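In structure tokens, one chain follows: the form predicted alone.
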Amino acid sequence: MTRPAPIRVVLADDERMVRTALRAILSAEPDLEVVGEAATGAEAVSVVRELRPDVVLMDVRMPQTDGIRATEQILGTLDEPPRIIVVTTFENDSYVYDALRVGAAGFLLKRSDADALVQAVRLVARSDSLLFPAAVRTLATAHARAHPAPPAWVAKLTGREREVLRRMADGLTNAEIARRMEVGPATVKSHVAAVLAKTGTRDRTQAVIAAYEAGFLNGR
């Protein structure tokens, strides 16, 4: 049986010791491969464009170009961009929220243990669930800007799409949503695609952020 190709990872952090520690943890896993490193945001953009990894671990605070701008540039210029996890010291950092709003798939604390790091990389590479939904909810409620009225996309969601969006916010995978709704995974995938299109978002994390900002998930 042919082993699937490893998940290719780029590390972006201005501290060499941090990059060394991350490389040691990830390289110990047979399904993960660190293919490049960057010490600044600008360098991260260049390295990602050259190597086209599957996942990027991006320090949110770096010299020259910070992790937010680097994330925005990568996602805005590549046809098939990698999934980006921003790495931070403080979980309630407004930088992290801004990175999620521009398209980062999730975030990790620098104090996270090795298992959490490895599982986070695997999870975002699969692209079908939300990384740490409770933390995303906390960030969204702390930093979301108030809107005088819900955006137009809220009224355009069908009942099924509303339910799928709520399940997405709970961090459920497509398979888990399908079981809860008693439909096929292909149907859920279609609903997720419709939610992303109507919210004008790139992925599940952005859609959930948009839902909190619109007041759609208030009270959850």
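Residue numbers here begin at 1 and follow the sequence given. We call the rigid core whatever largest set of C-alpha positions still superposes within 1.5 Å between the two forms. Quantities reported herein were computed from a predicted structural model and do not represent experimental measurements.
Unshown form predicted together with the DNA; subsequent notes refer to it.
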{"query": "Interface stretch in the predicted complex with the DNA - options 39 to 47, 190 to 198, 53 to 61, 26 to 34, non-hydrogen atom within 4.5 Å", "finding": "190 to 198"}
{"query": "4.5 angstroms heavy atom contact with the DNA in the predicted complex for residue 160", "finding": "yes"}
{"query": "Distance check, residue 173 to the DNA in the predicted complex, heavy atom within 4.5 Å", "finding": "yes"}
{"query": "Interface membership of residue 14, the DNA in the predicted complex, 4.5 Å heavy atom rule", "finding": "no"}
{"query": "The DNA contact at residue 183 in the predicted complex, heavy atom, 4.5 Å", "finding": "yes"}
{"query": "Rigid core superposed: residue 208 CA moves 2 Å or more between this form and the one not shown", "finding": "yes"}
{"query": "Shift of residue 197 between this form and the one not shown at or above 2 Å (CA, core fit)", "finding": "yes"}
{"query": "Rigid core superposed: residue 164 CA moves 2 Å or more between this form and the one not shown", "finding": "yes"}
